[in-house]
Each structure stands twice: as C-alpha cells, then as structure tokens.
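There is one chain below, alone, in structure tokens, taken in the form predicted alone.
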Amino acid sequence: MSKDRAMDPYLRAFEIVKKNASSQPVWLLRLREEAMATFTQKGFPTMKDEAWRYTDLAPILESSFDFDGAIPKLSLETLEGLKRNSGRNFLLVVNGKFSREHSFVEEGVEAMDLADAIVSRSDLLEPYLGRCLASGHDAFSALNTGLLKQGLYIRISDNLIVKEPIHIVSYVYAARARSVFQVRNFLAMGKKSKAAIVETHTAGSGESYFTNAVMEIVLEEGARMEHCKIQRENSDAFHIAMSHVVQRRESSFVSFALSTGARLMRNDCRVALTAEGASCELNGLYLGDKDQVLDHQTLVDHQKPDGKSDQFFKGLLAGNSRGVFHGQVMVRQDAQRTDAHQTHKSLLLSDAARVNAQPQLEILADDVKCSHGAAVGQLQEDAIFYLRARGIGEKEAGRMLAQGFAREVIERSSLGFMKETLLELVNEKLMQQLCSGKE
C-alpha cells in the first residue's frame, strides 16, 4: 500500500473529529489543524527516514483499523486484575477514555478526563497541551494531536508529596474489529511536589489493534517525579508511544521503561532540561522473542548549565526478534558544566536475533563531562557449562544468566519501590524467550 493511501483513513477520521469539535476552544481547533498539516506534510515515516531505518512500519500501514473505539464493559474479574498491587491511587483508561467510576486518587491530586479538562481547565492546558511537542513534532504525535478526543489529565499541587504511587493503567480491548486508539495523557507537577507514577499498557483478548499514545509531562521548579512505564500489550498488537518531558529549574525526572509485549513497538522519550540544575535518569529493559520488533528512542536536550543526565538501557532478544536503540544527548552552547552519560548493552539468546544500537552525542558547550557506549554479546558457553556441571539444566542455566544480565539495570535504577514487580515480569518473559529460542 502506498504511503498516501495509508494516510487516507486517518485524514477521513480527522474530518469527522473536526466536524464534531465546533464547540471546542479556538486554540484547540487551531492546534488540531496545525498538527494535521504537519502529519499531511510528513506522512508516515519509511525505512528511508534516518530515524526509522531499522523499523519497518509496513505491518501497520497495510492494516485496516476501525476508528469507533467503543468502550467495553469490564467484568469484575478484569477490574480486580487491573487494580492488583494498586493502593489508594488508581487511574484507569479504557480504549483511550478515562474511566472515572473505577478510579480514585488521594487528596491534592486532580485527575479528570482530558476532554473535560479542555473545557474546565482551558487556561492551564492552553500553554502546554501540544506545545511540549514543538521541539520534535513527529508524524505520530501530530496524528495523535489531530485526532485526540479524550485521555487523562493529572495535576499535582505545589509542595504536595504524594504518599503512594499513582498507578495509571491503559487497558485496550478491541472486541469486534481491528481498532486504532489515540491515547493522550497530560501530567503537570507543581513546584517542589513529589510523586511516583506507574504507567501500565495492557490488553484483553480480542482483535489486533494499534495504540498511538502520547504522554506530556511538565515538571515545575523543584518538582521530583519517579516514572515507570510497563508495556505488556498483546503479541499481535502495534504500540507507538511518545513521552515528552519538560523540566524547569532544579527538577528531577527518574524513569524506567520495561517492554515485553506487542508485535511491533516504538517507545520514544524526549526530555528537555530547560533551566539550570535539572536532572534526569532514563533506564530501560526490553525483552523480545519470536518476530517481535522492540524499538527504543531517547533524546535528552540539555539547554541550560549544571544539568545532569544518565541513560542505561539493556535488551534481551530471542527467536527472530529485533531490538533497536537510538539514544541521543544534545548539549547546547549555554549548557556549561553538563554531566551526561549513556550506555546500551544487549544479549542475544538465539542466532537469529538482531539488535541495532546507535548512541549519539552532540556537544556545543566546552565545559562538560559526557560519555556513551554500546555492547552486544551472547550467553557465554563456559558459564553455561559451569552451571550444568553442578546439576543445573541447560534451560535453567540460560535463564539464570539472562536474569543476572537483566537484574543489573533494575538494581541500578533509583525506582526501588518497583524492583520486585519488575523482576517478576522479567522472569515471566524469560521463560517465553528461552522457549522461543529453542524453536
């Protein structure tokens, strides 16, 4: 299918959205128009585009999707499963729509449907919604902005320390037809506030689907956020996600991304350190098997002095899976005394698995401490032999070595409260990977 033909259903969907959006604020209508003009101009990326040279979008572009996005009624058993391990703060998004009746947060945390916030919090949203994307308005983010209908709006008050992690569960269920969902979340943290966010993407059984998700995060002066994203979509799903983070003076952003699901996934995280003394820590772990494609992209943009950033990603790939990592650090001329480091390591569990890693530094300042590196390896035969000589089976020996490789990035992360959960999910996926690797 040609790129133009692939765009047609999305352009028709935009005409329907525009027709039904006459009551929305003028600024949002203008934002939609600008975004879709960008999407029309850029079109869907191809492997000829440098940023997509290792990830083929043909499986998405050649698929037909339904745009209705009906909201299913969830069973009590499903709800209990989604709420498992959540405390007093649980926010549920179903097929892109915030489920108020099944959500609850502690005092001081404001959460509502994004569509409602556009009306009642227009003065707060207008300066930010879609503006965080200005430094890198890619086609999928533009498409999301043009077609957004609802999502999740969260605002944390100045000086508030949120006592328990906020669990955001994005649940997708395409009951009757292959569907596409535009998931849009906006989160603003006030001055000197502190919160931990756990963002989980999961799904029920049903038809294949395409999730195009955008998360915009604004951290005001002195705000501190711990963020964990867990992607566990269905094995035949498509997951394209973009997180844009804007940091003010002395703010801190610590993130961990665990990716184990989806047939094709692209997880893009862009962080702008816009004021002095801002810091960020980006960690990630992806585990693929069979024919999965797991693509992680990062951009840390140091714009002002005394900023710090540290990136550490690992990949475990089995079967015919492919991993992609492109990590970019930009140090602008005014960003003197920047301290920025980046590392990517991957372990191939089968001969057919592949990985493409490209760490990148662009430094325009002269007083900096920066480093980057990448490494690819396989399970060491002598280590497996050592374990087998002590009565451990080959499969279990491989699992133990792979677990040790994955544990390093989890232990290294500052998100201590998620360590046990992450290790459990990794062990679950490792069993699938090792089985796949033996096929």
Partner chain sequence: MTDAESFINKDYAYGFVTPVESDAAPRGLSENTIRFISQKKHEPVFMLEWRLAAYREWLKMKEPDWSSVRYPKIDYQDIIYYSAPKQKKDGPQSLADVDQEILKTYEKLGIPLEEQKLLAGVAVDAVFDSVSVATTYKAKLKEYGIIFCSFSEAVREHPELVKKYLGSVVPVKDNFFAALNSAVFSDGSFCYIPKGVRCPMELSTYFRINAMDTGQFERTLIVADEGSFVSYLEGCTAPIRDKNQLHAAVVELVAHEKASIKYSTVQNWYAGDREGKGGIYNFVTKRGLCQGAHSKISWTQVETGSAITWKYPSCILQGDHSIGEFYSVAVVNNHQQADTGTKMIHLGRHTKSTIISKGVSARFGKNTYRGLVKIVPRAEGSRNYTQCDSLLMGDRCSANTFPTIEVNNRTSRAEHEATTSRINEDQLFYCRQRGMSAENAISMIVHGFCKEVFKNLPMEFAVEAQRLMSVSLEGSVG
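Residue numbers count along the first chain shown, from 1. Remember, it's a predicted structure, so these values are computed and weren't measured experimentally.
Keep in mind that the form predicted together with its partner chain is missing from the display, and what follows is about it.
Q: Would residue 58 show up as a contact with its partner chain in the model of the complex if we use heavy atoms at 4.5 Å?
A: No, residue 58 is distant from the partner.
Q: Would you please decide whether residue 107 lies within 4.5 angstroms of its partner chain in the model of the complex, comparing each non-hydrogen atom pair?
A: No, residue 107 sits far enough from its partner chain in the model of the complex that none of its heavy atoms falls within 4.5 Å.
Q: At 4.5 Å between heavy atoms, is residue 349 in contact with its partner chain in the model of the complex?
A: Because a heavy atom of residue 349 falls inside 4.5 Å of its partner chain in the model of the complex, the answer is yes.
Q: Using heavy atoms and a 4.5 Å limit, would one call residue 412 a contact residue for its partner chain in the model of the complex?
A: Judged by the heavy-atom cut-off of 4.5 Å, residue 412 is well away from its partner chain in the model of the complex.
Q: Check each of 357, 117, 217, 197 and return the one that places a heavy atom within 4.5 angstroms of its partner chain in the model of the complex.
A: Looking at 357, 117, 217, 197 one by one, just 357 meets the 4.5 Å heavy-atom criterion.
Q: To verify the annotation, which of these, 29, 370, 400, 51, has a non-hydrogen atom within 4.5 Å of its partner chain in the model of the complex?
A: It is 370.
Q: Can we say 112, 175 and 189 each have a non-hydrogen atom within 4.5 Å of its partner chain in the model of the complex?
A: Not one of the three qualifies.
Q: Have a look at 90-98, 328-336, 178-186, 121-129 and name the one stretch with heavy atoms inside 4.5 Å of its partner chain in the model of the complex.
A: Residues of 328-336 come within 4.5 Å of the partner.
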